[in-house]
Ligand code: HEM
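Only one chain is included here, represented as structure tokens and corresponding to the form predicted on its own.
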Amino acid sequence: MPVDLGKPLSWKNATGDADTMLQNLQANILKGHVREHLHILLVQFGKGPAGAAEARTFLAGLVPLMKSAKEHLQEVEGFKRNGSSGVPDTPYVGVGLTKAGYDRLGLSDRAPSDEAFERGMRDDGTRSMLKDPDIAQWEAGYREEIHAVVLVGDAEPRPAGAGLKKVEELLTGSLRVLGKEVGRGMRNANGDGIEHFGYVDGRSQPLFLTEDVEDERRGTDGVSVWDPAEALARILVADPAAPDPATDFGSYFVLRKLEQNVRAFRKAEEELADALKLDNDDRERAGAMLVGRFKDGTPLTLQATPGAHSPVMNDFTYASDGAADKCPFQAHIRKTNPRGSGGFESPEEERRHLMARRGQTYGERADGPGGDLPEGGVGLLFMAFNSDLVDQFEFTQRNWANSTGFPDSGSEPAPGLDPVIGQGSRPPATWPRVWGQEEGQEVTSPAQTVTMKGGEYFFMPSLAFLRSL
């Protein structure tokens, strides 16, 4: 029976082609793999037949270090039942190829055919469309032509480091490491993942496994208002270079290094609170208006103060906030997931732009009590899986985050850019002075506090393809 891409999958009940697909799919795609300690290598292959042969040997050599989606899901299930005892402590190893990487391997005619993938993120047209900085302003490792990315991650530093060493031992001959990234998870007192501005991050995700949807229904605030279930077609792509595209799948992978100016963001929070004359505990709402959630993850559209229960609430839409007098139209999480409130498409059409995000924070923080907030050197390694780069990642960045007119507010002035990841000119925006009341005040938009430092598009191929090399 063929893999049904039109709905979520029950991995425990998968048989036939669906079970084979799970055995040949890389981990971390359908379900995020723990990667509190993460290493990323940007790799360039050598030229000519010799370079292609060395690259093929390297990629095939990675397979024994990798686990399939099925093996990962079995590990997670074993951990749920038995804790850490008896669960193999194996790091996650993932690999992706660029279009230039396929070309260097001599597989141009078998490469995936997504338009954005073929262009690449370094392309002048891509950068102009996304309003990314000039390549000269990118970090060195991203300025050159990248052919592959390798990710190694684990819950603990030692297995992650051991996995990295094994990967590096395979890098011989003409293979070059253009750049390295190190990510390390950050968590708040509740154990929720946060980013460097201090806000809960990664809470709302599309779920592709029925078991995960059921866990969400039973273990959180539910799925009756916002259903996170998503069809496999929004993340999986038949691997055209694999032995059997009917069972061998991969996914397009976006990597972007986003540097965060924590000092400038904190200043933006304070200046917005001052402009709106927010007093005492209500000043915290200024930052929540920029993000759409309070630092503890409480959705601003649901309540005016932090302190919602844990796990962080996600079963909501903006149906009761049509005037945006609770959560502003331009708030980051409303911009990047309008939950049916965008005004330009039906809720069903909006959903198809959502991505499976797998980001991780990077950079060491030296600021303690009374210390200086970092102005750079820290940020987010944004990572996301897509089945259609143009319709998912690029659409979200270009048509939502970077668009001053999204969502459709129905009146002037327009919402403005996403204050967190929006790129481009930043016109003034209107913010509600009092939560839940329509009185708004136009305020000069905060300066850009997130800077793109480099990135690329990859395809994470099937294990069957890697074995065939």
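The structure presented is a predicted model; accordingly, all values stated were derived computationally and were not measured. Residues carry their position along the shown sequence, with the first being 1.
The form predicted together with ligand HEM is left out here; the points below concern that form.
Although the partner is absent from the chain shown here, none of 70, 232 and 251 has a heavy atom within 4.5 Å of ligand HEM in the predicted complex.
Residue-level contacts in the predicted complex: of 76, 186, 242, 333, one residue has a heavy atom within 4.5 Å of ligand HEM, and it is 333.
Proximity to ligand HEM in the predicted complex, defined as a heavy atom within 4.5 Å, singles out one entry of 258, 178, 276, 308, which is 258. Among heavy atoms of residue 204, some come within 4.5 Å of ligand HEM in the predicted complex. Contact between residue 421 and ligand HEM in the predicted complex is found at the 4.5 Å heavy atom cutoff. Although the partner is absent here, residue 138 sits far enough away that none of its heavy atoms falls within 4.5 Å of ligand HEM in the predicted complex. For residue 268, no non-hydrogen atom is located within 4.5 Å of ligand HEM in the predicted complex, even though that partner is not displayed. Comparing 319 to 327, 107 to 115, 388 to 396, 207 to 215 against ligand HEM in the predicted complex, the single stretch with non-hydrogen atoms within 4.5 angstroms of it is 388 to 396. Although ligand HEM is not shown here, in the predicted complex the stretch 442 to 464 places heavy atoms of just one residue, 450, within 4.5 Å of it.
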